[in-house]
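Following this are structure 1 and structure 2, which are two forms of one protein chain, each written alone as structure tokens.
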Structure 1
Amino acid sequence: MKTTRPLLSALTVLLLASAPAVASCAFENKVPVKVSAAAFPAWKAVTSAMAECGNVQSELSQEFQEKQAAGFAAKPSLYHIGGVANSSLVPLVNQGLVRPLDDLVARFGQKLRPNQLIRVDGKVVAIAMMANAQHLMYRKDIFDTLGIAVPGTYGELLAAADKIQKANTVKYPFGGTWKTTWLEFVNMYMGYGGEFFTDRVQPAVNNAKGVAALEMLKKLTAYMDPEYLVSDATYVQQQFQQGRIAMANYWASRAAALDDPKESQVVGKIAMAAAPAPDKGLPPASTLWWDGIVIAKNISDAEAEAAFKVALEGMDADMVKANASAAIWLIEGYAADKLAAGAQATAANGAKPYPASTQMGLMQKAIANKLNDFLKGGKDARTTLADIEADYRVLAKEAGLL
């Protein structure tokens, strides 16, 4: 499976984009359309704009990926539009659950940019709406008071965390979305320059870089909430907003919520920076992502047309103008603000796109299955990495890759 990777160029050039706004919704939708997507501010903005067209019902959930796969597999599909990212697109495509969009793009997508068109095997299967990355967000007021420089490496970050912990200025120096520990490992391992496979499908994480990545993750846990394994994006958002943490490697798409006076106690105190590198001379320990929409295959042509038109109305310049700080938009009319600086710096410093593929999806599952044993102290690094490779081989054989 081949996918285009528009995100690098998107993150580095989208800041120059601008265009006049258009009407909030250009048509009245008569066809019921149901959307499944993740529950974060950018999707709330987009689905709210879709709803202005009428007959749109949105289901936003942190468990959207599992719900989507089952919903799209139904005949007819339970959803018409799915919100996806690099990795969550892959299983839907592999199961043949998404509709090629070339004809709809030709008829209705004249305002779409080339880097929004996500192709698999030459066919457009998704429309990207935003770029995303985990990068360093930190309490500038605390850093200034304690005389801490913005950490460029994880060694410097650990030193900063230790100083913050001794000063007892917040409950926990560091936070993160470690409910998805597999992504934390992927980010750190790629930061060390690690490769996941040999011969495209043979696992290759049981090596010195894998050990270094695991050991660095373990060091970070000493400065985190003891419940870090249940910490998702909303958990970290609340930790920041309530003044409980001083820094986190956190999603760019959540930055606006930290500066929202209606729900945050730290407005104006959070600054953005590039994700730290594991060590000097290495790239940031982060991966670049896009989020966008797909249209279900198991629906009628009339429903697909209505869903596509509704989706485009949700991703227009008018929505961007009203929600400029909610994401790093790939949509015309976007002009970056200070909240985009960390993601831009992470891309500029050499972070790579998340390596989405069928085999990477299986590797992701294997890491998720085995990594927590190491973090809880049940196994050493080498045993954990060997377990990950063994688990991957089982999954890959079941999938017919090995």
Structure 2
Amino acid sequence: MKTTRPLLSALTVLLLASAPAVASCAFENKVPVKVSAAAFPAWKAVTSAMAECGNVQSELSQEFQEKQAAGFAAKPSLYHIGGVANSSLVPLVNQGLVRPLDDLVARFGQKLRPNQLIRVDGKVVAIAMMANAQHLMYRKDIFDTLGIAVPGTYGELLAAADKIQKANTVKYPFGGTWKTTWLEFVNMYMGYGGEFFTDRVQPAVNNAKGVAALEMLKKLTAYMDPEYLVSDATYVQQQFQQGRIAMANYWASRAAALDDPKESQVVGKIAMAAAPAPDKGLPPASTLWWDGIVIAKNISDAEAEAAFKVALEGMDADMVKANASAAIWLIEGYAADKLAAGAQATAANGAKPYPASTQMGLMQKAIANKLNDFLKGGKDARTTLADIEADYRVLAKEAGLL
């Protein structure tokens, strides 16, 4: 997933695992299976569990998106299993490169939960394994000392940030992965109940909700590290671990790292809560993401069957038991711990799935192009939103949508 990219994103991890089958796999796999997925801990856990079946070769890379579609388009496909997130599934489905899985699910997927089945046009195209969302993580010790209640809205969060800043206990009260400001805007705008499009493809962000979302982001920057525009997920992780920030709206998948005694100086001091809502009565300003697997279309049915069985072995209860804190698993046998509480509360409070689609990909780029000038003070909110819409139109015309 793009947003969990480490600092050195070009770093490619190659896990070559063609060793003979070892225990804990229910069957011995004879068909060579190749996996392409992102390189973060959850994928490492799943692919090494797959490798136990034998003849599995995994290519984990943060640049997986750039080669996955091309690899799947080859005949035969260069990969059998693809690791995708809700956004990176879109190009594969658009180009017709993934295999409908309904019959394989019927034959082998008895243990799958219904909410693991991702359907497009009624057909199962992907099996989700984990969920992810940005939600509030905060330093419980600081909040307790200063007597601050957990903020449920951004108004309360700003008040809390102000109090923390005055108390001067940490360098910056608030942190965030604002290198991807587009996602911060998407989250906030959806929290205000905004819609991105009218008539499916016409942009519709230039409205009062858009202005409100922008103004709120601007207010938050006052409490952030001034280098917020270069701060990615790894940067925020280090800020937390080194005790330089008191709270952040941050990826659930990174929660375990904050409690890792090998890296973190704040073990046991971080608590999880739902993502705050922009205001009372509104849903949380966050979107729900998932990661899961797809099976390539351009391979033989026998290969697809082997790949599917291997994938299920990788995503079984044993793997979850061994890697319980690596992610918020959607897989049977997962017992939610305290690290998952924030993400679950965010979903329970009504956060929506990220609306991944072709036009949303374009919208995301348009926001990324135009938002930073507003945050840096070069443009007012209305001009920024008008510029986003104009940029989207250019992109959509070029892509053939308008």
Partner chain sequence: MKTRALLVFIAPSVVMMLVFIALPLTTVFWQSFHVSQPVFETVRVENCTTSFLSQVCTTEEKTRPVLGPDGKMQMRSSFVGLSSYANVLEMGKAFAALADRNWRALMAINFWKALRFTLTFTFLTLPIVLLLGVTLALAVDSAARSLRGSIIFVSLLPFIITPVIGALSIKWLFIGDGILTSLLETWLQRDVAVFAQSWSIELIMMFYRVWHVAPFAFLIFYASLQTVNRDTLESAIIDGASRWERVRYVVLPHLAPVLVFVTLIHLMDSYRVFEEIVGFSSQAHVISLQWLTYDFLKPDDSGNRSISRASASAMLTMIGVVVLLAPLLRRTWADFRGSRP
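Here, a residue number simply tells you its place in the sequence of structure 1, counted from 1. For the two forms, the rigid core is made up of the largest set of C-alpha atoms that agree within 1.5 Å on superposition. Source: prediction; values computed, not measured.
Which number belongs to the form predicted alone, 1 or 2? The chain shown first - structure 1 - is the form that fits the description.
Which single option from A131, D316, F64, V205 is at the hinge, given the motion of the rigid parts between structure 1 and structure 2? Comparing the two forms, the hinge falls at A131.
Relative rotation of the two rigid parts between structure 1 and structure 2, taken as the smaller one's turn in degrees: In whole degrees, the smaller rigid segment turns 17.
Shift in Å of the C-alpha at A74 between structure 1 and structure 2 after core superposition: Superposing on the rigid core gives a C-alpha shift of 7.9 Å for A74.
For E303, tell me the Cα shift between structure 1 and structure 2 once the rigid core is superposed, in Å to one decimal. Displacement of the C-alpha, rigid core superposed: 8.3 Å.
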